[in-house]
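A single chain comes next, written as structure tokens; it is the form predicted alone.
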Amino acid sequence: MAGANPFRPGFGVSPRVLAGRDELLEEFDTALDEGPGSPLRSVLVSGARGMGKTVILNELEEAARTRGWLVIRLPETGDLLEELASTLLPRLLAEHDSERSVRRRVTGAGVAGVGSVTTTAQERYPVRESASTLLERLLDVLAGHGTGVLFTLDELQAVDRDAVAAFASLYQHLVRDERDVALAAAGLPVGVDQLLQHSGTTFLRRAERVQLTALNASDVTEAARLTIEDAGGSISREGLDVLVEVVHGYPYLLQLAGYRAWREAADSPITEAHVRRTTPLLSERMGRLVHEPALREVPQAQRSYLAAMAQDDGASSTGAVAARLGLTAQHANVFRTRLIQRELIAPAGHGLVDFALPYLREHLRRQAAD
């Protein structure tokens, strides 16, 4: 088809048409307008890889910037408060606090014949301002413009828990003082749950929890159709039906399948055949970018349970899986429970389990063949 490919399959890259998340964005917009105390100003977004957590953070950041708010992306490694005090906040104050910027230029100047005027009490007795005092100053400046600060933090499960606890304490005081601040953080469900068990993150348990689930068929259909038609292309009804089938409600797979189908179609409308030819790519990319990271921390005994499930073409009988592993039903149930907690498998009826991630069965079969 003519024109540039409108699909954007990179992880964390906002698509041209955002599917199925309108309600969350509208509620966050309202929270920013309502003022301090609005519950949705603190949001914890969780979901499996490929569900669009980072994209949601991008959209929440854009909503804040549209209102004139400053956005501070907190680092995923290191000491959060140290990074704020040493780098992030001083840079923002230098840009937005004109009074302080002028004062710094004056005290740093040299006057010929008179000598330097940089010898101040502050230089004789230097005091390093904390993240708290710097942030208070920045919020004072922004209050004059009726705006505030949105903090965002991605990959929450990978951040040091003590560092998050220290930041949570600072953020809690700002909320209690009714300052214009907001927080949006995202991570894998198990990691978010483990973080909230930390004694220092009690305050974050009051944040609005948003669990990103698979998109429904109508969301996938509408997002694909609009993306294609807005770019001057077209797709058959059958092509849309197959697209719903192969992407399993995953926003990342929607972008990847659409991208490849657009290329497959070249100068013709996208058909069912074009979409079906994307399946090997979807399976390979999910295996490399989603399944391998998800399986990295899984103990070998639980991986053996997954491998035994992969022998079935559909849902697996828990009794049959236990027999394949030579385990008692009680022993095998321990592994089943842990894998459900990791959101790798899900109950599929009485005595049945199935894979919770699309193409995980195919990935495990490829591993077994290798």
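Throughout, we count residues from 1 along the sequence that is shown. Just so it is clear, the model here is predicted, and its values are computed rather than measured.
Omitted here: the form predicted together with a small molecule. The next part is about that form.
In the model of the complex, the small molecule sits beyond 4.5 Å of every heavy atom of A346. Using a 4.5 angstroms limit between non-hydrogen atoms, R49 touches the small molecule in the model of the complex. Remark: Y252 counts among the residues lining the small molecule in the model of the complex, judged by a heavy atom distance of 4.5 Å or less. Contact between T54 and the small molecule in the model of the complex is found at the 4.5 Å heavy atom cutoff. Contact annotation: the small molecule lies within 4.5 Å of heavy atoms from the stretch 252-260 in the model of the complex, the single such stretch among 190-198, 252-260, 272-280, 172-180. Screening E155, D162, E82, E229 for any heavy atom within 4.5 Å of the small molecule in the model of the complex leaves a single hit, E155.
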